[in-house]
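Quick setup: one chain, the form predicted on its own, written in structure tokens, and binding and motion questions come after.
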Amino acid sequence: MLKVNETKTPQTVADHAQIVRPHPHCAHHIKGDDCRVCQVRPLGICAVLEPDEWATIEQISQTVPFAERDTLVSETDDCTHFYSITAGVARLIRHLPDGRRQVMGFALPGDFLGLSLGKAWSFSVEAITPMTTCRFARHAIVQLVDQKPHFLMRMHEMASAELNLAQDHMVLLGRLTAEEKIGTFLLEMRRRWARIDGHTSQNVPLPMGRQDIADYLGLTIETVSRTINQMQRARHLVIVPDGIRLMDAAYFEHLSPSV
């Protein structure tokens, strides 16, 4: 098992960089049956559509796969398409003029990319694991919103959830200690995976690398590794092959002000 205080890159928190956990939630192979068999549909932008409306959304969507480390979109690109993630995990990043980067968040199955955008992307999206997306032309979504007000309401709901995540991220960056930041992040990821899986588990999959986590939390990779090691020595968590197992939920809930 990889020790979390090692600094070889790229790698995950728990083990080698090749750990991949694409979430097998979308049977997208059969065109015409996409919405009927898609297991993330109840979580995503299409959740409010009735069965007799699925054909409409399928007509304007295109299944687009991405390999690990592929770039879905780059910041400043024209926003001509939106993406609904049906499998896999991505990171949302913004590059700074001096070459540094800020990881703004992680997109999981069911997430929709494009809700808060103007005419251009303000961040880049990179695949952490192999991914599958439903891609929608922007003009087609605009037309659908005009035709189906309940679809617009769903977009508002998802935009509100996205805003809440952004506000929580501001608290993470601004006022918490390293221990609080990491504890809050782990609870946040557990909550988000539970929404997808339908149950809360002690195990928290972490397909992103330690550098990703550090850049998301505003910490150094050394601080992330040291803090996770300390938590493991105190038996608050255990590092497992695909992430972290939380052994002391009360400890993490005490650390977190918002999750």
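Position 1 is the first residue in the sequence shown; the rest follow in order. Values in this document were obtained by computation on a predicted structure and should not be read as measured data.
Here the subject shifts to the form predicted in complex with the DNA, a form of this protein not shown in this document.
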For the DNA in the model of the complex, the stretch among 192-200, 55-63, 42-50, 205-213 with residues bearing a heavy atom within 4.5 Å is 205-213
Interface check vs the DNA in the model of the complex: of 160, 177, 74, 80, the one with a heavy atom inside 4.5 Å is 177
| request: Decide whether residue 70 counts as a contact residue for the DNA in the model of the complex under a heavy atom distance cut-off of 4.5 Å. | output: no
>> So in the model of the complex, is the DNA close enough to residue 239 to count as touching (4.5 Å, heavy atoms)?
In response: yes
Notebook entry, point to check: Applying a 4.5 Å heavy atom distance criterion, does residue 38 contact the DNA in the model of the complex?
Noted result: no
*Might residue 219 be said to contact the DNA in the model of the complex, defining contact as any heavy atom within 4.5 Å?*
yes
query: Has each of 226, 229 and 233 got a heavy atom lying within 4.5 angstroms of the DNA in the model of the complex?
result: yes
